[in-house]
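Just one chain is shown here, as structure tokens, and it is the form predicted on its own.
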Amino acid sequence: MKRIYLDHSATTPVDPQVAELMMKYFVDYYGNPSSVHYYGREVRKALDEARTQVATLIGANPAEIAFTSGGTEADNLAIQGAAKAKLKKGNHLITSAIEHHAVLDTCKHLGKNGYELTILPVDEEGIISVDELKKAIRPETILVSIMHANNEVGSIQPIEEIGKITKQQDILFHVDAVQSLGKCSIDVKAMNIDLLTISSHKIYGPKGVGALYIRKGVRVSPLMFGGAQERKIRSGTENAPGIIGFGKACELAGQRMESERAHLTSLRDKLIDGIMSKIDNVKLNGPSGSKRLVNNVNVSINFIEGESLLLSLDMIGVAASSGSACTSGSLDPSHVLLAMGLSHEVAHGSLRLSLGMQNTDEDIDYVLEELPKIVDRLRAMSPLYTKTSC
């Protein structure tokens, strides 16, 4: 059976060049990077190179990169660490209604523990209003956390505009760039970003490793104690093979970014156009064109239960999702789609197809041939759907 992977926003396959390099540091160079002997020094040298590779992709200095176990830890370190460090100045945080739960739940946790929280709404495309952000700022505001690109609907936020505002107001600006890394150009200096979260397994690197950019001069209180690793910001023996693989993945992402963006944009637009023309009662969720991630397609198909649709696609070899992989065990509709104004019923019928560099036109043709058949079959079992519903 033909198998097509269209869930790259959940995770990507590890690039063979990344896996090959990592294997050396599992088998041949296995020293603890904190050790002073040859085995440790060789690993430390590779970690330093990886730190440079990661920093280069986002326009940072290597000393501003702290490695973590992934995007969730980096988000928590940025938000909790900055909030604690800035508590004497104020206790007000601002975020948006469509953030990843690693950001949203962390902010809500702080909101129950002595901090005040403003959650900004989004429009029907999943984009915040810069004017609403300005209105939400108070004298005691210490941190704004807005994601670069949404993991479910692909909406890209006006990060540069927000960065100008936070810089003028002397407010820390945190950006979750887990989904945009390698797909959108990121320059933390030009965008006035103080803290930036990134993750390896979204750019063909290994799982279990991420990083937090911390602008020079910004103080972040650590969440863990017990060692001097990562300048005492993140204690614990470094995941050397993972970090080294992350560095290589960042290097490759920088080299491929322009060609991959063109390839993915072409496939994305073909897939969107095909779905919208071949299936009735479908809504595209999120913006179009340059305001949308190049690899993201999210649609709501009316009179369809999302779980049935995913299972049916899996049966014909197509891997897809209905939203964030981190909430796949939940039966609740997407908080992102609800924040964008969709009803519970429509949100339950959402389908996310996220593309990767190995996908082809033939893959898209197959999906566009088979998906309408699945929709027709599932709708035939629905008591709510008739041809006059469209």
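Numbering starts at 1 and runs along the sequence shown. Since we're looking at a predicted model, the values are computed, not measured.
The discussion below concerns the form predicted together with another copy of the chain, not included here.
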Exercise. Heavy atoms within 4.5 Å of another copy of the chain in the predicted complex: which of the stretches 210 to 218, 292 to 300, 311 to 319, 127 to 135 has them?
Worked result: 311 to 319
Exercise. Would H101 count as a contact of another copy of the chain in the predicted complex, using a 4.5 angstroms cut-off between non-hydrogen atoms?
Worked result: yes
Exercise. Would R261 show up as a contact with another copy of the chain in the predicted complex if we use heavy atoms at 4.5 Å?
Worked result: no
Exercise. So in the predicted complex, does I165 come within 4.5 Å of another copy of the chain, heavy atom to heavy atom?
Worked result: no
Problem set entry | E370: touches another copy of the chain in the predicted complex, heavy atom cutoff 4.5 angstroms | no
Exercise. Just one of G274, P287, G81, P206 has a heavy atom within 4.5 angstroms of another copy of the chain in the predicted complex, so which one?
Worked result: P206
For this session: Any residue of 65 to 92 with a heavy atom within 4.5 Å of another copy of the chain in the predicted complex counts; write them all down in order.
Result: S69, T72, E73, N76, Q80, K84
